[in-house]
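Have a look below at one chain only, the form predicted alone, in structure tokens format.
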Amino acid sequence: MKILVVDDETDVRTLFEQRFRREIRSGQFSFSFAYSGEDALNYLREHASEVVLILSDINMPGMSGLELLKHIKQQYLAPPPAPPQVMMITAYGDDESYRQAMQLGANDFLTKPVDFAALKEKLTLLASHEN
């Protein structure tokens, strides 16, 4: 299952690669990383049919994660391909961010620090539905 992680903090790459080392090695998950909303859209233009899930930070300079979510949902109005699932991640667990994300079509909402055990369960469940 191909997952695109979008976060302006570049150290998330190392964090995800450490936390999902076993799943990456076994080929269960494959991660790509974009460090801005704009980078994510460029990546999706080239790899749209491959990406099953997008994990995006909400607060980023330039295009926010919510703006990215809006672009993704507009882009995939008429399948195929089926739109990727989108999970929003934020350091601010406020109700307004949650409400906005869900209103824009987010599939899930996570707060930082990310509970990697819970995230791994969600990703494994999603991967089992993909097969």
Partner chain sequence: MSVNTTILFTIPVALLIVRSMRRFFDLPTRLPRLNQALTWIWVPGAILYVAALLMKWKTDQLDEIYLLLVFAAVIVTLLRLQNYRPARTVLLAMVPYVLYSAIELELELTGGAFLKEYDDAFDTSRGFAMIWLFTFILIARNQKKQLEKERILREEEEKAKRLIEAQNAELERLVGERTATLTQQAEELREALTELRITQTQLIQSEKMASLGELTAGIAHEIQNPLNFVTNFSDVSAELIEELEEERQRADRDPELEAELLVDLKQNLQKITHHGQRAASIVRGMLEHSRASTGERQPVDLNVLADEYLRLAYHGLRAKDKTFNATLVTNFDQDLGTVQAVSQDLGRVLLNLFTNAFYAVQKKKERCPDGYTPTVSVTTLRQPDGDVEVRVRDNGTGIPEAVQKKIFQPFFTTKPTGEGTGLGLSLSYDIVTKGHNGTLTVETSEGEGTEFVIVLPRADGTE
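As the structure is a computational prediction, the values presented were derived from the model and not from experiment. Residue numbers count along the first chain shown, from 1.
This protein has a second form, the form predicted together with its partner chain, left out of what is shown; the following refers to that one.
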*Is the gap between M102 and its partner chain in the model of the complex 4.5 Å or less for some heavy atom pair?*
no
*Does E67 make contact with its partner chain in the model of the complex, using a 4.5 Å heavy atom cut-off?*
yes
*asked:* When the contact criterion is heavy atoms within 4.5 Å, does S97 count as touching its partner chain in the model of the complex?
replied: yes
*Would you check, heavy atoms only and a 4.5 Å threshold, whether L110 touches its partner chain in the model of the complex?*
no
*asked:* Please determine whether each residue of L4, H47 and A118 possesses a non-hydrogen atom within 4.5 angstroms of its partner chain in the model of the complex.
replied: no
*Considering V51, A40, M60, A106, which brings a non-hydrogen atom within 4.5 Å of its partner chain in the model of the complex?*
M60
*asked:* Could you pull out the residues of 1-38 that have any heavy atom within 4.5 Å of its partner chain in the model of the complex?
replied: E9, D11, V12, T14, L15, Q18, R19, R21, R22, R25
